[in-house]
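Here's a solo chain for you in structure tokens, the form predicted on its own.
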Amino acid sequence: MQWPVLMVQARLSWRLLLTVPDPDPVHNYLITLTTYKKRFTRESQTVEICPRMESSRFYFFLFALAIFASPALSDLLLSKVDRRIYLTSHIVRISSTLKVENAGPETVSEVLLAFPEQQAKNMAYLMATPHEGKGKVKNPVVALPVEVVNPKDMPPALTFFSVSLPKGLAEGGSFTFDVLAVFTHALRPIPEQITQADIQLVLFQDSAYYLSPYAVKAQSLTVKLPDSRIESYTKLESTKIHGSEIKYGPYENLPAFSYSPIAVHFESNQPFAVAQELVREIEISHWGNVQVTEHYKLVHGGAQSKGEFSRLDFQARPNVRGASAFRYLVANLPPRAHSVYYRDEIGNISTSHLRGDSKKTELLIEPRYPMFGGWRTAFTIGYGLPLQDFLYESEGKRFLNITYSSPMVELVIDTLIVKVVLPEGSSDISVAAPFHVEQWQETKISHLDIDGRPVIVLKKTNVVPEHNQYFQVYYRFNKLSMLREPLMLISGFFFFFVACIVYMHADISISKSSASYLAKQQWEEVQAVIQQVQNIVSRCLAIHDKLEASLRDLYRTGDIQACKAARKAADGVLKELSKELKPLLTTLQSSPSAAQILPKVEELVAKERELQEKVMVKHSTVVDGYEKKSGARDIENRVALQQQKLTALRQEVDDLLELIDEI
């Protein structure tokens, strides 16, 4: 017996040589993957095999051993298999039409589907439906029950699913049904790192033969690619290529567990948009609105970007210097969506476009920067929906009927968490979902809540657009509970205004005989006295300014008599102000409340008197000089020192006034 042998050579090509045992003459399948010349070094160099490729080879070795040592299920056979693999996006969809016949004497009610273990791990969605021929009236699709099973004597390297038929299949009977399998992360970038100017090449691996525990009479395979640019593909017997389609077969009379590996290495610059986590919050308000908020953590899941990024080159030639990046995403919102917003941690993002009609509302969003391989971004989308379009009532219970997954087109979601926030007071809550989800309940406290709002949390991993199906949340809600918040608001305003009225009419002043009231009264009296002292000092300073002005007039006109008259008038006013000041100082000295500020007030009065004396001395000196007909320069020299002292004193007085104001 010959065992599978895997070899990789590097002279600008990889070769995978597989030799397997077969009841027929031994088949040797040669898969040649011509590498992208820009990705590897010169011809004489050897390609280093990564650990992931080595593990893949080891997995295939064990897989081949398992399937060729497994027994076949002889009661059923597949008379015709038509498979179509769609590689037009990063989500791989395999649609198969199976015609099954019962060749055994016993009635059969289920059909087994087999998938390699690694492929089953990447499977996100599996659905089986009865086949409707061409030209027939399309009836509503009724999915056949599908569940994971572990049949006896089957290879552990395979994962089996059981499809329950609508009715038992008797001997000689046949039934045709369609199977749709959706896979994520099934396309591997080769090379795994590219620059901004490179295109993205991906590798897809599968079998040209339909892997089944039943014998297959006739089968064919069609591989649909994004376009006709194919780097390399496995060429087998009866292989044809038509534009962007590769066709394998037809192949006839294949035994159970037939397997012929194929690989397609092709260009795919489709958006590899992967949401590592998406949290959808659906909040119900019985006042007429359903608010949906979606928090995305997005990553480009294609070939990792390496090297520098040039915004200038990208703007100039985006289809050449950014072919592998995606610049926008499209979300198909419900038709009557309103109040749509798109923002991130920085704020609102204006690069979005919204258009709608009677069937849908299309939202086109652009991230703040083009998304290359491995680049990440996070953003939030929110919108409101009319309550009457999604909330219904049946048998005394209300139920929300809304789609489960993201409205984004061709988005893979690694982890999806849907939170349905029900109104406060909801009870008897239940969920009906078309597929399995993890479920638990939380509580959310919002405005005007007392006990909090019940939150139903639904979690699912590996989500694709096919999961965007309607689910229902049932609950009971008393209509009188809707009056709770309005009554709380009315009561709050009522008691507020009552409190205001009581406050305005009640005497809540402190007793006039209390110590605190007396201290407050004394301090107010001290403040009034200090204010009068400040006013008197300010008037004195104004008179000083008038005397200075009379000296300036004397310098200009030489009118000595006018200057003496101004001096005489100032003397009279200053004497009156001095008389007014004395009782005020006496009041402050007798008040205990003024003990802290009294020293500053006394210092202010003393400085003002000193300033007053020096102003008078300067005035007399200048007038005497003019009477003796002294020269102007001689007079200035005589009063220069006095002027310096006056300036300093005036500044001290102003500072004391400011300090007393602060106290």
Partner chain sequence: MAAVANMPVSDLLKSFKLKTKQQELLIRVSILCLVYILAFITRLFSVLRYESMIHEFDPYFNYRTTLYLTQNGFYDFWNWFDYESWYPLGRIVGGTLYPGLMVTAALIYRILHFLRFAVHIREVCVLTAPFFASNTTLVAYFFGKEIWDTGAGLVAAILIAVCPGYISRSVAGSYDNEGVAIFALLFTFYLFVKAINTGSLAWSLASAFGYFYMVSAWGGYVFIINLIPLYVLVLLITGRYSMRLYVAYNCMYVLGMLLAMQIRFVGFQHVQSGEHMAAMGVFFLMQVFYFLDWVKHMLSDTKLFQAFLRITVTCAVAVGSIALGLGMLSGYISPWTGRFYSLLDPTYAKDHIPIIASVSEHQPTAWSSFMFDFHILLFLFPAGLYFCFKRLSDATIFIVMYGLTSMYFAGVMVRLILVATPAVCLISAIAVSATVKNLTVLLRSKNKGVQTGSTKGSSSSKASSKALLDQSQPFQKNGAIALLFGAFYLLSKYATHCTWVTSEAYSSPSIVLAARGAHGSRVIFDDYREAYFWLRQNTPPDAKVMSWWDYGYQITAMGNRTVIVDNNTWNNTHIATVGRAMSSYEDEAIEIMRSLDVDYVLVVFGGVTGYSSDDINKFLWMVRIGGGVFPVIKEPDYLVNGEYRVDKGAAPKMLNCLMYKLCYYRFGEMLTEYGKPPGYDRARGVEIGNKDIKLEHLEEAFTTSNWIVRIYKVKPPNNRW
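Take the two forms, superpose them, and find the largest set of C-alpha atoms that agree within 1.5 Å; that set is the rigid core. What you see is a predicted model; the values in this text were computed from it and never measured. Positions refer to the first chain, counted from 1.
Unshown form predicted in complex with the partner chain; subsequent notes refer to it.
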Taking heavy atoms and a 4.5 Å cut-off, does G307 contact the partner chain in the model of the complex?
-> yes
Report yes if any heavy atom of Y470 sits within 4.5 Å of a heavy atom of the partner chain in the model of the complex; otherwise report no.
-> no
Flag K152 as yes or no: does it have a non-hydrogen atom within 4.5 angstroms of any non-hydrogen atom of the partner chain in the model of the complex?
-> no
Would you check, heavy atoms only and a 4.5 Å threshold, whether Q561 touches the partner chain in the model of the complex?
-> no
Where, among 254-262, 370-378, 98-106, 429-437, do residues come within 4.5 Å of the partner chain in the model of the complex by heavy atom distance?
-> 370-378
E171, G173 and E393 all contacting the partner chain in the model of the complex, non-hydrogen atom within 4.5 Å = no
Check each of R343, K546, H286, K520 and return the one that places a heavy atom within 4.5 angstroms of the partner chain in the model of the complex.
-> R343
Of the options G347, G572, G243, P592, which one has a non-hydrogen atom that comes within 4.5 Å of the partner chain in the model of the complex?
-> G347
Taking the partner chain as it sits in the model of the complex, which residues of 439-463 have a non-hydrogen atom within 4.5 Å of it? Please list them.
-> I445, S446, H447, L448, D449, I450
Rigid-core frame, C-alpha of R229, shift of 2 angstroms or more between the shown form and the other one = no
Spell out whether the Cα of Q534 moves at least 2 Å between the shown form and the other one when the two forms are superposed on their rigid core.
-> yes
Answer yes if the Cα of H467 shifts by 2 angstroms or more between the shown form and the other one on a rigid-core superposition, and no otherwise.
-> no
